[in-house]
Ligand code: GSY
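Presented as structure tokens, the chain that follows is alone, the form predicted on its own.
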Amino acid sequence: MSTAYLLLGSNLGNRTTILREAIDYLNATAGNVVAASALYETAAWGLEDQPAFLNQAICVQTTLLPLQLLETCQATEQRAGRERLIRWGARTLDVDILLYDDLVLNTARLILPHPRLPERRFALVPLVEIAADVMHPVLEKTVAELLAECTDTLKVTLTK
């Protein structure tokens, strides 16, 4: 059994429902979702002229290998109607694998840990809520330390 941390994001459609349905689907297909952060409204990162995102981090206990988990995450996105039109563009659902155990992997299809995790406040804030003490296997810092050092200034707001 492996532990994976995923980040879910949505900025099109009924964002809350899309995230809830994604968690249900991942729980049924990827493994047992054992923790979920609150929802955070976040400014778009990378391509900023688009609607705000709702983001949520989850922890999944899985028997899937990393590439199998990636395929399941992409199937979850497709199920939610995701279209890949432009990089960092608006989308119904985005599911990123942030961490998978302490695995370091660099393939054409998947890089673990997620290469931009340390520079993305929108990923670190919800992840700290459920995994503050988890170590980044390359940088050898906890998720909480990564957040404390993050220079990203985009707004991340806890939703009510």
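Just count from 1 along the sequence shown to find any residue number. Values in this document were obtained by computation on a predicted structure and should not be read as measured data.
FYI, the form predicted together with ligand GSY isn't displayed, but the following is about it.
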query: Sole residue of Thr62, Thr42, Thr92, Ser37 within 4.5 Å of ligand GSY in the predicted bound form, by heavy atom; finding: Thr42
query: Non-hydrogen atom contact Tyr100 with ligand GSY in the predicted bound form at 4.5 angstroms; finding: no
query: Per-stretch contact check against ligand GSY in the predicted bound form, the hit in 22 to 30, 124 to 132, 104 to 112, 53 to 61 (non-hydrogen atom, 4.5 angstroms); finding: 53 to 61
query: Contacts with ligand GSY in the predicted bound form - residues in 132 to 146 whose heavy atoms fall within 4.5 Å; finding: none
